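We begin with a single chain expressed as structure tokens, specifically the form predicted on its own.
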């Protein structure tokens, strides 16, 4: 398993979306998120987007007011994870039209659905934007 968790956090450090692919208790999740968010948000733009924390490698990227943070195993390729983050943002952009924090907050189930289409058990299984969005578009038509 490569990906351990995916977080979307705003500039104030509030978690807007969290998807875990390993079991952690709620207290462990809160502590981990707090530590990681403080560490990543304190970094400036000139520093690299990779941070080692505990037994994870954190790969993050900022888009507008949202930080996308992905916790992976230490053996995982950082550049591949950066590409995954970019694909996730492009997919959300295609669906929401320039995705923002409010889109994630008001359509949390769709954001989780997109992630579940892309990642299964910590492994990236789908990279085609149209294949990821087709089930969501069918659900939108049905409702």
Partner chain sequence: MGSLYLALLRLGCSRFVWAIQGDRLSELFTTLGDMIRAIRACKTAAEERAVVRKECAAIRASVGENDQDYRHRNLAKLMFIHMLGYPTHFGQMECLKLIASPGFPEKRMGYLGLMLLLDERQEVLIDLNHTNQYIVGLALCALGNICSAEMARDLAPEVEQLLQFRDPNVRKKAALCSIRIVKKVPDLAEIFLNPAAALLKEKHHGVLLTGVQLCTDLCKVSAEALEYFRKKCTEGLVKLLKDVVNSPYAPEYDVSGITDPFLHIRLLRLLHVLGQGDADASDCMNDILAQVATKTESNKNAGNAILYECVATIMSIEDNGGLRVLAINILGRFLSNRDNNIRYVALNMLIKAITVDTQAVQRHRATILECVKDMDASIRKRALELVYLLVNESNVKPLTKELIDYLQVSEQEFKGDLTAKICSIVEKFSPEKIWYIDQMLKVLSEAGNYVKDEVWHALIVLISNASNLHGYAVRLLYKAVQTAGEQETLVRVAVWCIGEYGEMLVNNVGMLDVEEPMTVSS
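Numbering follows the first chain given and starts at 1. Fair warning: this is a prediction, and the values are worked out from it, not measured in the lab.
One more form of this protein exists, namely the form predicted together with its partner chain; it is left out here, but the text below deals with it.
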- Item | 38, 41 and 93 each touching its partner chain in the model of the complex (heavy atom, 4.5 Å) | no
- Query: Should residue 67 be classed as touching its partner chain in the model of the complex when contacts are defined as heavy atoms within 4.5 Å?
  - Reply: no
- Please run the contact check for residue 113 against its partner chain in the model of the complex: heavy atoms, 4.5 angstroms, yes or no? yes
- Would residue 135 count as a contact of its partner chain in the model of the complex, using a 4.5 angstroms cut-off between non-hydrogen atoms? yes
- Spell out, yes or no, whether the shortest heavy atom distance between residue 100 and its partner chain in the model of the complex is within 4.5 Å. no
- Task: Note that its partner chain is not shown here; using its position in the model of the complex, name the residues of 8-36 with a heavy atom within 4.5 Å of it, in sequence order.
- Result: 15, 16, 17, 18, 19, 21, 23, 26, 29, 30
